[in-house]
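Okay, so here's just one chain, in structure tokens, the form predicted on its own.
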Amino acid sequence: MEIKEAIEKMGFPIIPDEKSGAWQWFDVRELKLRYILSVEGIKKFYEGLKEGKLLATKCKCGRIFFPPQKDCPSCKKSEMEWIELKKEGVLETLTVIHVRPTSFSHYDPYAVGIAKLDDGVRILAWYRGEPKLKPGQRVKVEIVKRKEGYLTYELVPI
């Protein structure tokens, strides 16, 4: 059913899902989102990635934050120190993303995993490798360049 037809028939841009028949709101406005977000307080993180380091912040209260945070949400202080994380750990979970968000639609289905690094920090990252890997297996973090040209980090099997 076309959107114009749906609006004329139902009074709303609601179309039935092809498989389930469930009603779906089909917004007539296209949403394009581009934003600017200040990272000044954590720029050392990005400088670390350029040097092949994975950096986190550690509050004087003992909490470690990855991705790094400028302020501690627990004790409300901004007295953070930078620490370099170990880039190896254990995979805790893994899933394959088949229905990709629009911003990643130019990628084939990809896997995302959560690993607990050897220094206790959990990291969520894309997983590069055979997605048959099981939780409990060793992984490492690699700094890589994305198709878009910027640096990021991924989990890879050891």
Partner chain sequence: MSEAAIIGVGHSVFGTRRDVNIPELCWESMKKALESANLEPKDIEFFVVGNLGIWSSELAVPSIMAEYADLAPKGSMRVEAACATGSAAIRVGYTAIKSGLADIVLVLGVEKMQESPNPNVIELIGRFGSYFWEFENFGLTFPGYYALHASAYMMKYGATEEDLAKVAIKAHYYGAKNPFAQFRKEIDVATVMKGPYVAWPLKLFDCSPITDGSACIILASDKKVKEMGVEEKVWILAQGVGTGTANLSKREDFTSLASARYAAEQAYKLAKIEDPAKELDGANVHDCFTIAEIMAYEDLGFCKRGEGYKLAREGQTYIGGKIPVNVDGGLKAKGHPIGATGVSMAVEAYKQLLRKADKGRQADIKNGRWLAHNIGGTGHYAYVTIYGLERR
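Positions refer to the first chain, counted from 1. We call the rigid core whatever largest set of C-alpha positions still superposes within 1.5 Å between the two forms. None of the values given here were measured: they were computed from a predicted structure.
Not pictured, yet referred to below: the form predicted in complex with the partner chain.
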property	result
Sole residue of 56, 117, 59, 125 within 4.5 Å of the partner chain in the predicted complex, by heavy atom	125
Distance check, residue 98 to the partner chain in the predicted complex, heavy atom within 4.5 Å	yes
4.5 Å heavy atom contact, residue 47 to the partner chain in the predicted complex	no
Residue 67: touches the partner chain in the predicted complex, heavy atom cutoff 4.5 angstroms	yes
In the predicted complex, residue 135 touching the partner chain (heavy atom, 4.5 Å)	yes
Sequence-ordered residues of 34-58 touching the partner chain in the predicted complex, heavy atom within 4.5 Å	35, 37, 39, 42, 45, 46
Residue 148 C-alpha shift between this form and the one not shown of 2 Å or more, rigid core reference	no
